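In the form predicted alone, a lone chain appears below as structure tokens.
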Amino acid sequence: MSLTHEAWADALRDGDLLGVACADCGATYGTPFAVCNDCGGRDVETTDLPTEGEVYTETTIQVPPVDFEGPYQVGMVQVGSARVTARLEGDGEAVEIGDRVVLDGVVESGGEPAPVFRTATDGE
């Protein structure tokens, strides 16, 4: 059965990162999809994703939307063979492309969670 947004959000709040993997071509995604973007296959299954990864790309939001304080960083994190869009937090320093990061909770807005990754230190 394909991953629902509600199941993805509940797992994220519990500290787990779920994605979907296409049984036809093997593509893996970090968010719920009912149809594979790569091959159009409909046989996608829920899969556990690593909670540690590498920053693939990042940007700094200088002018935040209502209800957010800025500036802050967002980006895409490569976790296994999937990429996840997330908030990025460094330990007093900006997170850079290629940095190792770990899942460190969620930020919520309007009842919707988004993953937060922070810079990994040795031993994580």
Partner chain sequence: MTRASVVGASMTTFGVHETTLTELFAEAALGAFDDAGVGPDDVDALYFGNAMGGQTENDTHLAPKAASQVGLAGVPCQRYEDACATSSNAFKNAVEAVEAGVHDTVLVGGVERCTPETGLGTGEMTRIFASASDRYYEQPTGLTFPGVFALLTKRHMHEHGTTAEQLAHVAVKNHANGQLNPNAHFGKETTVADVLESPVIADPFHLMDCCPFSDGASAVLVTSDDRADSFDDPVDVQGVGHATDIVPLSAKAVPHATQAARDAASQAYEQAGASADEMDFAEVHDCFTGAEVMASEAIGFFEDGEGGPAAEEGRTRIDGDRPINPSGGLKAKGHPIGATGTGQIVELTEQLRGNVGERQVEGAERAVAHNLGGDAATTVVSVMGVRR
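Remember, it's a predicted structure, so these values are computed and weren't measured experimentally. Residue numbers count along the first chain shown, from 1.
In what follows, reference is made to the form predicted together with the partner chain, a form of this protein that is not presented.
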Contact test in the predicted bound form: Val102 vs the partner chain, heavy atoms, 4.5 Å: no
Interface membership of Glu89, the partner chain in the predicted bound form, 4.5 Å heavy atom rule: no
Give a yes/no on whether Val84 approaches the partner chain to within 4.5 Å in the predicted bound form, heavy atoms considered. yes
At 4.5 Å between heavy atoms, is Cys39 in contact with the partner chain in the predicted bound form? no
Of the residues spanning 87-114, the ones with some heavy atom within 4.5 Å of the partner chain in the predicted bound form are Arg87, Ile97, Val107, Ser109, Glu112, Pro113, Ala114
